[in-house]
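Coming up is one lone chain in structure tokens, specifically the form predicted alone.
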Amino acid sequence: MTGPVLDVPVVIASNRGPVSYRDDGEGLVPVRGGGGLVSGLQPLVDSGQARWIAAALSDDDRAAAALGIPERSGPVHLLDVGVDDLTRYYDVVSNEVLWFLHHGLFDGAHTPTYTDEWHESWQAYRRVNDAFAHAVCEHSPTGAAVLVQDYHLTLLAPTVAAQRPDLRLVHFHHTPFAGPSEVRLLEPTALRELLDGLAAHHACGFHTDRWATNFLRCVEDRSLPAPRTFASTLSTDLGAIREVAASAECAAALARLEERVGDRFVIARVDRMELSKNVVRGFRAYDLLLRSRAELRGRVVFVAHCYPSRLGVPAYRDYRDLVVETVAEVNERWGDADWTPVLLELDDDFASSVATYRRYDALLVNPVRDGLNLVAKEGPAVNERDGQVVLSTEAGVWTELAGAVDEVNPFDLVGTAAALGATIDRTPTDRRARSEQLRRDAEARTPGDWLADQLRAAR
């Protein structure tokens, strides 16, 4: 994908950058980042049309930053904010509170609780955002469009606007945005600062109108001036996914998978192992399917690539353990010497994940809530078996794919089991028609479309 021709310089600010570093024993080696954010924005950096400011997240990143390696090898500035502040800003505030808030994961009765540690961590969140603000001011050319990415960086705009009024600030929120009743669960000072910070941008973008509307309702609820908002869905660089799918490494992974599953119907999921992805309920719905339809036992297998995530947060470690325990229970209840009902893969092996995309007959994507969810687009792009998608209505991507998926309420185990069963029962003709429509819908937008929407908002 080629980068667009710009009429203004661009600066990108995000927690995770387009490159990280690792010491291979002979020196610090750059490793290109993955994910939709990098797919959408990397072409600008590759073309020399943008600068990217990100946090140094590891010891090797910090070593590279100290030596100025990112600046010499490309227009990337890694910001070393200190290990303690980084941990508090990232784990305690961003992942334990803001992520839970926007994904509706707090229960109110027990969480959240704001302790002295929280207040100290909010101070660290402020400091990190302030460090990003000063870096943006320092590294931004005159009149640049500054594209600020995600919930980690909500507080930098007032400082930048005061010091560099020539810059155009656009914030893009990749998660959902909580509604007015939900945001009240955030500590009052933090909530005021967060909404003030977002409102100080020239425009705020979200993946769907639903999340944009929630944000505007929160701003209006506190009588703040509302910035312009826009909705723009992101897509993975499907060319890159297909390149992996065509690789020898992926072919070898697919051969290993075929040997394990044989001619069975394959239900699959590919997810980070964290609470909002609703992994446990997915396995429990599968358990219910096997309980209610004895004829499917031995004929179907659930292949799950679930990568442990954010293990610095206790709730994520507990959830990982629950996922593993649930899989063990399902396999113990239904499995036999010839059939393991669930094949759980914990290694973050992208080629193996893409091999599973190629092989699945049904892909389960059932998040509790998701800003978008790229898995539901990636799978159909490379699937070779007229695969069906069972999709939560709480995923932002549902607005794009609704006409060709089996929709489910993420909390409804009976409904999810029934939807999985429907994909098994569907005729080949119906499967083909739905999968073709799904592929068209999934490919309708490109990362370049998402980037162009932000640049338009900056103007």
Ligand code: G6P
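Numbering starts at 1 and runs along the sequence shown. Since this is a predicted model, take the numbers as computed values, not measurements.
If you look for the form predicted in complex with 6-O-phosphono-alpha-D-glucopyranose, you will not find it shown, but the lines that follow are about it.
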Please pick out the stretch from 143 to 151, 195 to 203, 328 to 336, 288 to 296 that is in contact with 6-O-phosphono-alpha-D-glucopyranose in the model of the complex, where contact means heavy atoms within 4.5 Å. 143 to 151
So in the model of the complex, is 6-O-phosphono-alpha-D-glucopyranose close enough to Y114 to count as touching (4.5 Å, heavy atoms)? no
Heavy atom of W99 within 4.5 Å of 6-O-phosphono-alpha-D-glucopyranose in the model of the complex: yes
T233: touches 6-O-phosphono-alpha-D-glucopyranose in the model of the complex, heavy atom cutoff 4.5 angstroms: no
Give a yes/no on whether T340 approaches 6-O-phosphono-alpha-D-glucopyranose to within 4.5 Å in the model of the complex, heavy atoms considered. no
For the spot marked by Y90, H174 and R310, is every residue within 4.5 Å of 6-O-phosphono-alpha-D-glucopyranose in the model of the complex through some heavy atom? yes
Check each of R210, R358, R272, R164 and return the one that places a heavy atom within 4.5 angstroms of 6-O-phosphono-alpha-D-glucopyranose in the model of the complex. R272
